[in-house]
Every structure is written in C-alpha cells, then in structure tokens.
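Heads up, the chain shows up twice below as structure tokens, two forms, tagged structure 1 and structure 2.
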Structure 1
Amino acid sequence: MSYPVPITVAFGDGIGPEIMQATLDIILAGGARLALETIDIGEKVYLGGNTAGIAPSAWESLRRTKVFLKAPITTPQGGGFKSLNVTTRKMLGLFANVRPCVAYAPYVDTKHPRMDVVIVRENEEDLYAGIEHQQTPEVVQCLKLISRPGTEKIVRYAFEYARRYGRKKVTCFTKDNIMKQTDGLFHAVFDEVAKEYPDLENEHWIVDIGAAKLADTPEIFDVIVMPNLYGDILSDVAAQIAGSVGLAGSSNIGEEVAMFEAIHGSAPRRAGQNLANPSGLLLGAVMMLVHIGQASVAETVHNAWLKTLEDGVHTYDIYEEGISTEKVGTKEFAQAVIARIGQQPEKLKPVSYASADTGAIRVTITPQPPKTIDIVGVDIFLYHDDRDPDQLGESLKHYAAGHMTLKMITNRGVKVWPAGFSETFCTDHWRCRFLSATGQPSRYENIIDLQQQLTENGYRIIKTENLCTFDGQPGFSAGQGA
C-alpha cells in the first residue's frame, strides 16, 4: 500500500463545493490514496481585495503538492479582477491543456455518436502572450509568438499522451499556408517529432478545413494538437458537439505542477440545490489519478461512472424521458456511482488505463545547436498620414545607410510600392523594407543610422523588425504573405 499523495483542493464557488464533495466521495470510495490540502480561491478572495483571486498561502500549497484539483469559481463582475485560470496557467507554466471530448450515445444526446477526440492545446504562447499595442491612430497590433521549445513540449506531450492512452493517431492543425514563420514552425516541429513515434499515425490539416471536418465527422480524429488560439476555439466546439460540455473534464499540465478541473463554470443559479452534475469534475479527477500514478483507481472510478450513465441514473441536465431511468441530485448521483464501483459498463465501451499506469507524462526538449545569425535588412514601420505610396516610396528611396536600399513598401501586408495597385486600400501604417544592397550581411549600426536619418527628416517610426538569416536561411516572410 503506497502512501497517500498530497494534493491541493479548491472547492470553488457556486456549484463548486457540491460537485467537489461528490467527486472526492467517489474517488476515495474507489480507492484513491490522497492527502487533501484545502485552499480558498475565487469570489471570496477576489472580494476580499486580492485581484488575482488566490492568496500567497494557496500558492505555497500548490507549489508544494504540485497537483491541483479545482472546482469552478465565479469571477466577480466589473473590472480589475484577473482570470484565476490564466494567472495559474502562466505562473505555473501549465503548457498543455488536454480535453477529452467523448460522445456517450444514446445516453447523452449528440449528433456524433462515435466521437472520441482528445484536444491537446498549447497553453502559453501564440496570440495569448497579451502583447498588444496601438501603433497608429488607425492600427492596433497583437503579437503572435511561437517558440521552438514551446512547440516541441506540446507536440511531444500529444504523442506521449497518445501512446500512453492507447490512441492511434495524432493530427496537427495550423494555418501555415498563410503564417509560414509561426504556424510553419509549429508544423515543422510536429513533423520532426512525429518521426520519433513510428507506432502512431500522424497527419496535418490546415485549421479551417480541419475545423470543418471536426465539426462534421469528428470520428475520423483521435488526438489533435494545436497552437493556443485554434485550440481554445476548437476545444469548445469539440466538447459542444460531443454533447458533453457538462460532462467534460480537462487537465492543464506543466513541467512541475498540474491542474485538473471541469470545463464548465460555477453555474451560480444552480448552487446549493443538490442539482449539479459532478461528472465534469469527476472526469478531471480521473485524469489526475492517472497523473499521480493511481491509474487502476482511475479506471475503476471511470468505469463505475460509465455504468451509472448507461443505467440511466442522470442529473437534471442530461435527464431525458425514455432514455433516463431515474432523475437524481448531486449526492444521489455520487452514491449511485459509488454503488457501481467494481462494475464495468455493458453498452458503453469500458476504459482501460493499464498502458497509462506509469505516472505523469514527462517531456524533454531537444537541445538545438547555436545558429549563425546575420542581419540582412530591416522592416521599418512608419505612421504616415499621407496615403500616396508612390510619393512615400520616392522620398524614402533616397535614404540609405551602409548600402541598405528600399526594396518595398506594404500596407497591412499588401505591396503598394513599387508598382502597387491604385485600388489597394491604405491605412496610416506602412511597412518599409530596406535590404542590404550588396546581398552581404549588414550591421546593426546601419539600421540605427537609417532610423536616425528618417527621424531627423520627420518620419514617425512605430517600430522596427530586423531581417535576419539563421544559418543562411531567411527568418522573415517575403511580403504579401509569401
């Protein structure tokens, strides 16, 4: 008999305390060996003046136990309150969001009875870095950051997850036909890592058609790994079309700490009435049990839950005349699951976590050799209110520092000089590309000189981006999305 594993538990707000109690009752009855540490998070803490909704002592518990079972919380209305989920994710480096989206037909209504998809969403990068600026009166910008190590971590996690959980295929969604650098890197790393998993099928879809297929025929997918924004959107779509928003659990995994929860919120209108369905949090707790090395308990609990579902013992949210046999409250549902511990479902497919019984998934990043970086030019972004690109091009042409010459001007990415179209709509935001005239590497001092000259002559520089080659390969797009 192993020692109890310390975990940090938050009972949350609204229906949180009821579904957490039900979840704990079930997993403890199923044999989970846990030492619980309870922390306060959410509404009370926010309204007590802590804008993050979590106190320093709670962080201390989380960082020590490294396992967090969290009930939903209520974020108070009005400004100034930070999302606890975003804070936790960022502070603890929870890079992977894993959300199994499973149909439970005919017991839960769904258009896709054979759906069984796991969405693995990158959680830290992409457009979610929160780096946004107004650059000109007309134009705002949000920076999309994709890193090689960040991508390698999430992609490896997806493949490791697939292997552990007996999945057959990992699919990657990106938009690398347009975003050749950022999504291009994500796709390239996916292809590299995929080679190390010859036992698993792999494929890549452009996210738009991939998303359409996911909504139409989700049964053709197994595990799907995606950058943050696509994953955010499509994990909600997937949970919704599975019919299981109220039943889905999710995990947020970091190198050290992991957090497990239901995907739904605190449903304040249902609070305190013994109505809420604890299944989402219970399935989050099942993921936690596998993570902490108690996979056989996870399997027992999950199968007892499936049996309860197929026996038609349902809470109000999934109750349906003709399919359900008994409408129960939160506590009675928990008792029904506990009564079925040790049983297997007969109509729904039983789960097996035997292959996952090796504790937490760990991923390591392949060290990359240093690269030779040469500056070959600069994109200078100008705020310029006169909308005549030819005039701007003709006047900028005369500025050159260290043999850097003006090659092109674009407006919102469309080339407008030289030889632009008069039909192209222009804003007050211009990207002016200067390249080394000799084709040889330039020097950063030349870029500073160029900026100096432009500034002295009244041009308003918003920002610059160095154009570099990495081991001779251009690290920038050619313009016009090419």
Structure 2
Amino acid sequence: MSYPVPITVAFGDGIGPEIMQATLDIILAGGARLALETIDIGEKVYLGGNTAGIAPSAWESLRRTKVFLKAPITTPQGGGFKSLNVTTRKMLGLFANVRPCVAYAPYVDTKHPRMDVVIVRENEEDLYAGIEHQQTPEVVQCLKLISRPGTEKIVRYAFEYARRYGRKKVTCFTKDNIMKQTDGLFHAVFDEVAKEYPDLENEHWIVDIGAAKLADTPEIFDVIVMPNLYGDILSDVAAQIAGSVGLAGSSNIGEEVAMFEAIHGSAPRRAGQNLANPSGLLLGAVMMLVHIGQASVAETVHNAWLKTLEDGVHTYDIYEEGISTEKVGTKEFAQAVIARIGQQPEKLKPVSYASADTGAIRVTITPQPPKTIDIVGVDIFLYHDDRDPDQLGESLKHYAAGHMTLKMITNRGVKVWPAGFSETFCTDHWRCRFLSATGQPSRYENIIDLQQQLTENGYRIIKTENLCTFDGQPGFSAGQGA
C-alpha cells in the first residue's frame, strides 16, 4: 500500500464548503490515498486585511505539498482586492490551464451531443500580465506580453496531453492576422513544435472564425491550445455549450505545483441550502488524482459519477422532467456516486486512464541561440492635445539624431502623417516613429539625444519603445495604413 499523498485543501466561500466536503467524501470512498492539509483563503482572509486573499502560512502549505484542491471563493466588492486565482497561478508558475468540455447527452441537455473538447489555455502571460497605464487624459494602455519560452511550454503541454490521453489532433487559435508580433510568435512556435509530433494532426485557426466553429460544430475539434485571454473566454463558452459550466473541472499545472478546481464561482445565493452540484469540483479532483499517480482511483470515481448521471440522479441545475429520475441535494448526490463506486455507465462511454497512469506531464524548453540585436529607430509616444496631425508632423520632421529621422505618426495605430486621411478620428495620444533611412544601426545615446531635444522644446513624452532588428529581421509592426 503506497503512502498517502499530501495535498492542500481550501473549502472556500459560498457553496465551496458543501461541494468540497461532497468531493472529498466521494474520492476517499473511491480509494484515494491522501493526507489533507486545510488552509483558509478567500473572503474571510480578504476582509481580515490581506488584499491577496491568502496568508503566508497558506503559501507555505502549497509550496510544501505542491498539490492544491481549491473550492470557489468570493472576492469582496470594491477596489484593492487582487484575484486569488491569478495570483496563485502566477506566483506558483501554473502555466497550463486544462479544461475538458464534454457533452453527456441525453442526460444533460446540449445541442452538441458528440462534443468532447479539451481547452489548453496559457495561464501566465498575454493581457493577464496586468500591466496597465493611463497615458493621457483620453487613452489607457494594457500591455500584451507573449514570450517564446512561455508559448513553447504551453504548446508542448498541449501536444503531450493529446498524446498521453489518446487524442488525435491539436488546434491552435490566435489572431495573428492583426497582432503579427505577439500572436504571430504564438502561431510560429506552435508550427515549430507541431513538427515534433508527426503522430498527431495539427491545424491553426484565426480565433474569431475558430470560436464560431467551436460554438457551431465543436465535434470537429479535439485539443485546442490558446493564449490566455482567448482561452479564458472560450473555455467557459465550450463548457456551457457542452451542457453546463457547473459540470466542468479545471487543472492548473506548473513545473512543481498544480491546482485543481471547478471553473464556476462561489454562488453565495445558493450557499448553505444543500443545492449545489459538486460535479465541477469532483472532476477537478479526478484530474488531481491522475496527476498524483492515482489514475485507477480517478477512473473508478469518474465512472461512478457517469453512472449516477446515467441513472438520472441529478441536482436541481441539470434536473429535467422525462430525463432525470430523482432530484437530489449536494449530500445526496455524493451518496449516490459513492453507492455506485465500482460500477460503469452502460450508455455513456466509460473513461479509462490507463494511458495516463504515469503521473504528471513534464515539458522542456528548447534552448535558443543568441541573436544579433540592432537599434534602428524609436517610437516616441507623445501627449499632444492639438488634433491636427499635419501640424504635429511639420513641427517634428526637423528633429533627428544619429541615422534616425521622423518617418511616420500614428494615432491609435493608424497612420495620420504623412498623407493621412481627414476622416481618421484622432485622440490626444500620438506615436511618432523615428527610423533610420538607410537601415544603419543607431545607438541608444541617439534615442536619449532625441528625447532631450523634444523635451527641451516642450513636447510631453509618455513613453518610448526601441525599434530593433533581431538577426536583421524587424521586431516591430508597421502602422495601419502605412
């Protein structure tokens, strides 16, 4: 008999304590070998003055056990309170968010009875870096950060997951027809990594049409890997069209630590009424059991849950006359699943985790050779409340430093000088691109010189972005309309 695996458990807020107790009762009855450490997180901790919602002693438990089973929490209204999920994911390096979205027709209502899609979402980067600034009275900015190693980790994880779980295809969603640098990098790395998995099909979709196809014909997809924002939105969409967000579990995987949860919230209006469906958290716990090497227990529990659905024993949220046979509360649902431990569904497809019974998925990053980086220009962003781009261009075109002269002015990304259109609406936020006419590299001292010239003549600089080439390839986008 193997030793119990230490895990950290948080009972959370709202319906959290009820569904966590139900989940623990089921997996322990199914044979899970666990040593539980309980921590407080969420509303009580927030209101105690901790804006992160988690105490230092809780971090110590998480870093010791490296496995976190987490119930939903409530974040208090008002400013100053940080998202605990985002904080946990980023502090512990939980780079992969995995959300299986499966239809259970006809026992759970859905328009897509053959749906079986896994969303693999990058969890740390993109707009969720949370770097925002108000730059002028009219314009705010949020930085979208995509890194090569961050992308390679999530893409490799998606392919390894597909191979481990017997999937046949991995699809990438991006918007690289518009965001050619950030989403372009994500797509390029996907194509590079895909070549190493010839046993798996691969494809890329622009995210808007991909999302439309996911909502209309999800059965054409298998595993989908996406940057953070798209994955956050579309995994909820996928879970809902499969049947219910309330049935979806989620894993957050890092190189050392992993967190498992339901994807739904704490539903405080349902708290304490023995109504909540524990299925989302239970399926998150099933993913946890596979992760810690107890795949046979995960399979037993998952099949007992499927058998319970099939027998029509349903909580209020999925109960339907003519399909369901019994409406039960949270505790009674848990008891029904426990009573079916050892059974398998007869009409729904039984699950098997035999191929996954090798513990956590590990990925490695390919070392990149060094690149030659040359500065060839600078984008200087100005606050200027005169809305005449021609006047601004005429006043700036005389400034130069090194090989750099003014080549273009844009407003919200659209070229407005030279030869802009009068119809283009302008704000008080201007990007002024100074670029080497000959392609000759400049020095950073030239950029400082240029900033000093502009500042001394009364221009208000918001920020600068160096324009560089990497092994001779431009590392910056063109202006729209340029």
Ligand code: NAD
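Residue positions are counted from 1 along structure 1's sequence. Everything quoted here is computed from the prediction, not taken from an experiment. Rigid core: the largest C-alpha set superposing within 1.5 Å between the two forms.
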- Query: Is the form predicted on its own structure 1 or structure 2?
  - Reply: 2
- Honestly, after the rigid core fit, is G413 moving at least 2 Å at Cα between structure 1 and structure 2? no
- Has the Cα of T51 moved 2 Å or more between structure 1 and structure 2, judged after a core fit? yes
